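Taking the form predicted on its own, here's one chain by itself in structure tokens.
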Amino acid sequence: MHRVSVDQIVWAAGESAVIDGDEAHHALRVKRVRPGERIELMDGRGGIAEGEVVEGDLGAKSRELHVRVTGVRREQPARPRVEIWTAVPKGGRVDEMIDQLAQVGAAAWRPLDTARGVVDPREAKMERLGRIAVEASKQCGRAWRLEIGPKATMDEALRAAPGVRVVVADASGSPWSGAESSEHLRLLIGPEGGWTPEELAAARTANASISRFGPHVMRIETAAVAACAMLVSVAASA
């Protein structure tokens, strides 16, 4: 089933929805949806409208997709909420990481400013990552799309609100078992050069869990996806 991203769900069952712009163009020209096909309209904040394609117009002056809405529902955010804050991988590896984090169930990602980090994503890059998050969330059928947040400092990452459990991924920690799981987890992944002793000391002072997520040293994007999958799986079954 094809999925279309919309700003908000404003229709009820039996009403007609008209989708235009890039989403309509992608559905009609790239995915080649046709009248009679099933489709979902998703606002990325829990709202989903199911419907049937009625017609499409890809004329020079109009790009419109007409949908007859057959049902509307709202889903609650997935639990546990797992945020991933990482140093930024080089090149296209960060694109792949965002796509995969959306698939394994991360609720949010933020770039983390670390002492040994070397990549500082500019505004254009962050906008691109936002688009990747939208497309990945559509592809895997998430009712709540992966959030892309602004760059954060280590102090901000460790200064969590009550109820948020901060987990720092590092080979010096104990294997993650889920014993300190929570409804809201924030996982911090360091740069390829690793955390500095000062950063690890600050994490321990802030009462963050220092955990390792496998026997080998992983790249940033691999560690982020693998550890996120473990947090989601272990916490969800706790």
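Residue numbers run from 1 along the displayed sequence. Just so it is clear, the structure is predicted and the values come from calculations on it, not from any experiment.
Below, we refer to the form predicted together with a further copy of the same chain, which is not included among the displayed structures.
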Given a 4.5 Å cut-off on heavy atoms, tell me which of 88-96, 164-172, 117-125, 148-156 is the interface stretch with a further copy of the same chain in the predicted complex. 88-96
Between 196, 207, 177, 70, only one gets a heavy atom within 4.5 angstroms of a further copy of the same chain in the predicted complex; which residue is that? 177
Give a yes/no on whether residue 102 approaches a further copy of the same chain to within 4.5 Å in the predicted complex, heavy atoms considered. yes
Look up in the predicted complex whether residue 232 has a non-hydrogen atom within 4.5 angstroms of a further copy of the same chain, and give yes or no. yes
Taking heavy atoms and a 4.5 Å cut-off, does residue 217 contact a further copy of the same chain in the predicted complex? yes
In the predicted complex, is there a heavy atom of a further copy of the same chain that lies within 4.5 Å of any heavy atom of residue 24, even though the partner is absent here? no
Check all three, 142, 222 and 226, heavy atom within 4.5 Å of a further copy of the same chain in the predicted complex: yes
